[in-house]
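This document opens with one chain alone, in structure tokens, the form predicted alone.
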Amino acid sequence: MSEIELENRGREVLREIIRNFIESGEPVGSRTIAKVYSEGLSAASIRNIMADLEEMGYLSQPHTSAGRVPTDRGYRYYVDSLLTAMALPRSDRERVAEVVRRQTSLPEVLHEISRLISHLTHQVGFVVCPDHTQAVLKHIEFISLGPSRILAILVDRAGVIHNRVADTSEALSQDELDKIGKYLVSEYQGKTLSEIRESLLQAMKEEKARFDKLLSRAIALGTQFLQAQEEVDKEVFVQGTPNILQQPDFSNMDEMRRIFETFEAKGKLVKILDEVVSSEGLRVVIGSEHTDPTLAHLSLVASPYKVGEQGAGVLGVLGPTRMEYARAIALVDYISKLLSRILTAPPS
């Protein structure tokens, strides 16, 4: 089939086959396409086009007498060249807004967003929480809990509260702790926690830190708190894994077990998502395009969300390659942009 034919008849036939297969889950025959094809081609002509598409790798034929089903290459061409962008329905936008409005903290918002994504797509919804080290400092204070124990409370620009109880090598009064907190805010407000830690480690080496008691204590407390934050793993909320069980695409129990093990191993899932999603924007990864063979029969629609220009986390949908890509893309794109706006300009 020539490029011109693919741009016309081949494209239309491929589009209709994929639309029909996404809806029914059954191999699509030429008679089915002939009923909806606008140019009135015969079933025989459509069979020839389907055979050409199969030869080019866009379709496969599960059985000799069966119709065709899309390959990963076919889905990729569909997503990149044939898919018509859709706006998220107003009812869905209102549900997203309601979820964001009624939660009182960012973790609650992210947890409910993962649940909503799953509910609206009937697939697996996930949200990877922001990297603690990339949180931007807005306020920090220390509260004395006794002679050698303090509570460190940090509020980042997104309004997330990080806290940790720590032991100190010397007794510090509340007045001293207040001064240390004010110093750290005045020096480092607007910087990420990883940037602050690097700066504190550098300051520790400087001569001034040896003679300035307040600076020395601020460096010690700040470094201790930030070191503890770096040891906190990224959290990921995953909702809707039972939806996989309802898909006819997954009947192999060994394959199901491997998929569920990946979902349960949150650290592995975060690593996979970090590898495929950059801060550039929404991505669709289809079947065999995954580097992890466990996901070879799944498609991923994912997008980063940001605080300002800084990537914060990732959210999206995981499901069979036979998914409603237009709807999944519209939903993920809308929520990621909304969440980015909220985190960049949080309520005061």
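This one's a predicted model, so the numbers in the text were calculated from it and none came from an experiment. Heads up: residue numbers just count along the shown sequence, starting at 1.
Unshown form predicted together with the DNA; subsequent notes refer to it.
So the DNA isn't shown here. In the predicted bound form, which residue out of 296, 282, 41, 56 has a non-hydrogen atom within 4.5 Å of it? Checked against the cut-off, the match is 41.
Considering the DNA in the predicted bound form, which of 286, 50, 323, 314 comes within 4.5 Å of it through any heavy atom? Filtering the options by heavy-atom distance leaves 50.
Each of 29, 45 and 66 near the DNA in the predicted bound form, meaning some heavy atom within 4.5 Å? Yes, because 29, 45 and 66 each have a heavy atom that approaches the DNA to within 4.5 Å in the predicted bound form.
Which among 262 to 270, 67 to 75, 118 to 126, 136 to 144 is in contact with the DNA in the predicted bound form, heavy atoms within 4.5 angstroms? That would be 67 to 75.
If you check in the predicted bound form, is residue 9 within 4.5 Å of the DNA, heavy atoms only? Residue 9 belongs to the contact set for the DNA.
Is there any non-hydrogen atom of residue 291 lying within 4.5 Å of the DNA in the predicted bound form? No, residue 291 sits far enough from the DNA in the predicted bound form that none of its heavy atoms falls within 4.5 Å.
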